[in-house]
Each structure stands twice: as C-alpha cells, then as structure tokens.
Ligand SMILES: C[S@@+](CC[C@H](N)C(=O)[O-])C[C@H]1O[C@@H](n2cnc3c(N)ncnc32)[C@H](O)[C@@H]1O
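This document opens with one chain alone, in structure tokens, the form predicted on its own.
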Amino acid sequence: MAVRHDIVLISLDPPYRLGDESTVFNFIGWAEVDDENRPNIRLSINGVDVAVTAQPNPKVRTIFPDIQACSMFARVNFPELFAGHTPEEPFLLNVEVKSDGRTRLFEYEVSEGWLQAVFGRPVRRRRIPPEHLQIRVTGAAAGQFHVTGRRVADQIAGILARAGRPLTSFQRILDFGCGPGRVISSIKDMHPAAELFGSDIDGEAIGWARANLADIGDFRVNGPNPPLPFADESFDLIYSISIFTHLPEDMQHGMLAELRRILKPGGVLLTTKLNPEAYDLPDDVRTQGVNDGFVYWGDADATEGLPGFYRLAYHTEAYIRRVWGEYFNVLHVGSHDLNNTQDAVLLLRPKSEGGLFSRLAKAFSKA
C-alpha cells in the first residue's frame, strides 16, 4: 500500500479530555520521520515547548509500509508548565507536534477542576462535543474538532471576501445544519458582533449546543422538511456545509425555496456540492450523475444517529446553474474549495422576485 504524501502521519493517543486528576499527564504517540536514527520531533503546548523523547518504531510499517517512524513520549506537569502564564479564554489545550517538515495539532478539552488546579482561579473553557457527535459530523474523533471547524470558517470567509461580501459585513447569520457547533464557534471568534443562529435535524447535537454554546448562538431543531423555525427574511447570510450533499432531489427543492424565504433580499447563501466526476462511484451512479447533472445515491452508507434519507447526492455545475438558478442568482461554483473535497456554491437572493420563483414558492407551499 502506497502512503499518500498529503497525509500527515502523526498520532497522539486518546482520550482528548483531561479531568481534575490529570494535571500531570503522559502524552504518548508516534510520528513519521525522515530518519529513525536521527528524529527531529518537537512538541509544544499552547506555544510552550515541552521535552519529548523519541525512539524508532518499526511496527508502524505493518500498517504504513515504506515509511520511517518513531514513538514519542512526553510527561507534562501542567502547573509547572503554565506557572506565570495568563490563559487565553475560552481555554483549550492545543498540543502541536512537529516532525521534520510535518505538523499536526491536537485539541484537549480540560475540566473546570483542572483549570482551577493549574491556574489557581476559574477560567472559561472551550467545549468539545462527545466523541459520537464528532464522528457523526466529521467521521472521526481525532482531537481536531475546532481546528477543522476553523479551517472551514476561514474558507467561508475567503469565498465571501473574494465575492466582495466580507464576513464582517453580515449581521444575522444562520448555520443551517450546524451539528454540535463545529464551524459556528469559529465564526463567532472571527465576527464577535454578529448575531448567530444554528439549526439542525439532529436533536441530540442541538441539545448539546444549547447546553454548552449558549454564549455563541441561538440553536434550534428543524424538521427534515419546511417550514424552518424562522420568520421571513430573518438572515443576511446563511451557510450550509455538507447538507445538500446528502438530500434527495425533492427535499432539496423544498429547502432551497425555504432558505430563500428566510434570507433577506440581497442576502447570500453559501453551501456545498459534490461533483460526480470527481469520485470513485459505482458505474451506474456516476453515469446518472454525469448525464442528468444530479444523482442521489440511496444505497450509500447511512450515518448513525441521522435519518435514513441522509445518504449522498452529487451535482454538476451545469445542474446548479440551471436548477438552483431558478431560486437564486449563482455567483460562484467552486472545485474542492470548501470542507475538504466539496465544491462551494455561492448564491444570492435577488432584491426583486422573479415570476418563476413566485410560481415555485407557491407550488411548494401547497405541497
């Protein structure tokens, strides 16, 4: 098996949560190196360097042939490490590992008791959802929940800025399909003055967000079909990451009309699609996607904890411009420019209604 060069092979063992008793903690893991006999591994915690020991670990090659790797170990006494340190709030323990030219960041949520013991006073902390909710959103719980959310938030801000609509120009923002708040937390960091809302069909994720992220936004459960729990023209920006990539076509039409309803005239919707030509799909699925411009793969693996209809959907750019263009002005269709390998779709609600949309809206309101 050849190892992809774009994968950073650095690992720290879970759990990525430190309780009251973990003010002294052992970080254990391994990293790919250029030379097992002369490893160059560095570890820092919130910018403070930590001593790390390393030794060759040839067992890694049973999983990743043809690479060199070293085990690493660091024992950290946090009260000593952070003596005299003023913690940034909300506090999250960020552990950065560098191995030759490779870098990976790991996040550790700490308890209130840990913070009191380490800093001698209460400190506001950044929360990370339970592992099963992380897996539901990202497919893994590998200690990088917020860093991946920040990466998506940065991509959102970049796409908006290039369209002449910087993130800070929007005041009421909805994260449609917010899950347990992976992206919206970073949007709040980037635009503290914004009034933020999140909605999702996942009641468990929304319950966690309400309990832990109330200082960030207003979180609400929505049903799989319209109406959404918001008034007409509520938002000037809606972003929706990896939602239309999972819905059947009829549900997409309903939600496009509904998102237009709650978006202000002149407001922007930023979402994502998957290109059927860019993935290794079954031949019949790929052929339908390429020929028709859209395909819903109902036999794709289900996501535990989400409804059975939540599978995979693929769109071509031509389909987006032809079909979604009936609801919005299409400003941008990207290529692998948002949320890893998904394509950004930037849409504008015109300031005046067209006759076609009015007929569509009436049709869906009667359905």
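Quick caveat, the model's predicted, so the values are computed rather than measured. So that there is no doubt, residue numbering starts at 1 and follows the sequence shown.
A second form of this protein, the form predicted in complex with the ligand, is not displayed here; the remarks below concern that form.
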{"query": "Partner contact for V123 in the predicted complex: the ligand, 4.5 angstroms, heavy atom", "finding": "no"}
{"query": "The ligand contact in the predicted complex: I201, any heavy atom under 4.5 Å", "finding": "yes"}
{"query": "4.5 Å heavy atom contact, L174 to the ligand in the predicted complex", "finding": "no"}
{"query": "Non-hydrogen atom contact H191 with the ligand in the predicted complex at 4.5 angstroms", "finding": "no"}
{"query": "Answer option from A257, A142, I243, L281, heavy atom within 4.5 Å of the ligand in the predicted complex", "finding": "I243"}
{"query": "Contact residue in the predicted complex, chosen from G217, G179, G289, G267 - any heavy atom within 4.5 Å of the ligand", "finding": "G179"}
{"query": "The ligand in the predicted complex: contacting segment from 303 to 311, 328 to 336, 27 to 35, 56 to 64, heavy atom within 4.5 Å", "finding": "303 to 311"}
{"query": "Within 4.5 Å of the ligand in the predicted complex, all of V137, V183 and L247 (non-hydrogen atom)", "finding": "yes"}
